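A lone chain, given as structure tokens: the form predicted alone.
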């Protein structure tokens, strides 16, 4: 039996048996998120309609939910899918995009949190606000450093019994007991729309591959993104050329390179 104890081993296992990941994400992110999953070796499915989202979640290996472009109909689909994933024992990931911005978003994310996501991934401002703190977030953009959100992430992980990932210049992942920081990536990444949303989908793919180790799977997904971002930046002249180079770097990344270059430290 293959062990999946390192990011590289998880990446290899995912490519050997590509998981079907149901991505309920926003309009802006659909194309890049699907391409990211394909480049990494997973199989994306953008299924969000309330009439089929719950049924499909029972088929998929994992579910990811991103509240970037909300509507009442989409919320119905999100809730149906989350309930079905939980009932089927499938991991699901919540990306609470700008949940603090309006009452509509706050109510939607509160209802989704009650359905117990396996992983919560957000930027520092989103995680601080989700834990009840005051953030400096503006729309979908974080105005808080990741380090400032680490305490909020630990509290949220304990309260929700979930893995919490705070992404930024240096990522932070915790399950309330363990915690690590992950270095890497590129300053160009925030200039390419929906890369963070795509990362949420990739977390779902790794979680499907190693459901027995959700913490390790989350760390592996973030490490994969970080190394691909570093590689893509080497020849990029700006965000446009970085975008396609990132997909190529992700597709070219192998298990040995990932394990050799991943910079993961205890926090």
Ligand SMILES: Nc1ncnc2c1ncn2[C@@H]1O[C@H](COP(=O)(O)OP(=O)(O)O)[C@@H](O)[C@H]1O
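What you see is a predicted model, and the numbers here were worked out from it, not measured in a lab. Residue numbers count along the first chain shown, from 1.
Same protein, other form: the form predicted in complex with the named molecule, not shown, and the subject of what follows.
Using a 4.5 Å cut-off to the named molecule in the predicted bound form, each of 167, 196 and 225 places a heavy atom inside that distance. The partner is absent here, but in the predicted bound form a heavy atom of 190, alone among 151, 190, 176, 133, sits within 4.5 Å of the named molecule. Of the candidate stretches 74-82, 167-175, 152-160, 110-118, only 167-175 has residues with heavy atoms within 4.5 Å of the named molecule in the predicted bound form. Contact residues in stretch 6-30 (any heavy atom within 4.5 Å of the named molecule, taken in the predicted bound form) are absent; none meets the cut-off.
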